[in-house]
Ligand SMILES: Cc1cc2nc3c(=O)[nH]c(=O)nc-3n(C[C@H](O)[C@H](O)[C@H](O)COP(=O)(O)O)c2cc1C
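Just the one chain here, the form predicted on its own, laid out as structure tokens.
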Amino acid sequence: MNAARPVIGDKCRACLVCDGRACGNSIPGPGAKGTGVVARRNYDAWQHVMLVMDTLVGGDDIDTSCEMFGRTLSFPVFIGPVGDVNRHYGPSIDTLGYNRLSLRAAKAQGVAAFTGDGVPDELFEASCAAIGEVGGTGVPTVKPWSLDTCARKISVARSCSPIAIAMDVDAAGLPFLKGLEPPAGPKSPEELASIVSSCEGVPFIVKGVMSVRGAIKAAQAGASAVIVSNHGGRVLDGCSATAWVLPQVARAVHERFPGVKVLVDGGIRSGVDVFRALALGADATLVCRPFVTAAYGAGQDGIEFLLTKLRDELADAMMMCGARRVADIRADMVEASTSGGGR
């Protein structure tokens, strides 16, 4: 963090814990929309999910690996996407440079990274090429542009043989996307089904789901996964924390669409938070902003260090709560705090 502060620019404070307090509602910057409280709410909500310790469990060594989209990940964490690093952070790393750092670090640590989207088109194309350079161990994320633009970008994305393609449908609420050409905006279920079909068998992930009805519409449209996400609070002020929404979304999706995965992001900052998310029903998690700080502070080494830290913290939480495998993590291994944490 100390190494990042002199080079990360004036919008991010490179805080020891990225909880949304110091950056508030700074956009451009890593802050949240409107009052800026949603990013803080995301972080705080996880801290009020208490782990239930149980060390009277035998078994083998801890195994944090999981299967996701036909790949084995060393643990259930993806690096989340950043669409425009220069706009929201500092000039010492550009967006393509950051994507390359995160993709290489993720592959080295046995996981995968999402890459972002924006303008100009060349940025998306270069990011897809970078995914190809790491053997497809990445997830290109397309903004909710017009259908023609989505089809063109998805064609580019397919060419790098990614493990999946994502769309952050909630990006329709990003202030700096409004008024751009091509236009971006909400998608109907029928439009989403058309976009999924254009992926031609590549798993499609809908990012930005904050309700059971939204998750069901995404699954019915053919999505292979949904991500419970409010875009870090950057698209709608006053909305719920992702930890509050996750259990009911996961329950509904897993009961009605057994093959569809449920992921979650928003304020996840430790391996303990990852454990909390898995216990509440997630199949995997995304972590985003801390990796940007790590990259500014120490490049690929910084990102790899943070990945190792998250994996070690998850393994420790699993051991102390009696889960030897990721599949062993259950809802009764956590409980809501009896003090604080009110909505």
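Fair warning: this is a prediction, and the values are worked out from it, not measured in the lab. Throughout, we count residues from 1 along the sequence that is shown.
One more form of this protein exists, namely the form predicted in complex with the ligand; it is left out here, but the text below deals with it.
- Query: Does G29 make contact with the ligand in the predicted bound form, using a 4.5 Å heavy atom cut-off?
  - Reply: Heavy-atom contact with the ligand at 4.5 Å: present for G29.
Checklist entry - Does L246 make contact with the ligand in the predicted bound form, using a 4.5 Å heavy atom cut-off? => result Contact with the ligand, no.
For this session: Decide whether V82 counts as a contact residue for the ligand in the predicted bound form under a heavy atom distance cut-off of 4.5 Å.
Result: Residue-level check for V82: yes, a contact with the ligand.
Q) Taking heavy atoms and a 4.5 Å cut-off, does R269 contact the ligand in the predicted bound form? A) Within the cut-off, so yes.
*Is every one of H88, H231 and R234 within 4.5 Å of the ligand in the predicted bound form, counting heavy atoms?*
Judged in the predicted bound form, H88, H231 and R234 all sit within 4.5 Å of the ligand.
- Query: Heavy atom within 4.5 Å of the ligand in the predicted bound form: which of K143, K153, R100, K187?
  - Reply: When the ligand is considered in the predicted bound form, the option within 4.5 Å is K143.
Task: Candidate from A284, L310, L280, V287 lying within 4.5 Å of the ligand in the predicted bound form - any heavy atom - done: If I apply the 4.5 Å criterion carefully, the residue I get is V287.
Query raised in the report: Using a 4.5 Å heavy atom cut-off, which stretch among 135-143, 246-254, 155-163, 218-226 contacts the ligand in the predicted bound form?
Result: Stretch 135-143 is the one.
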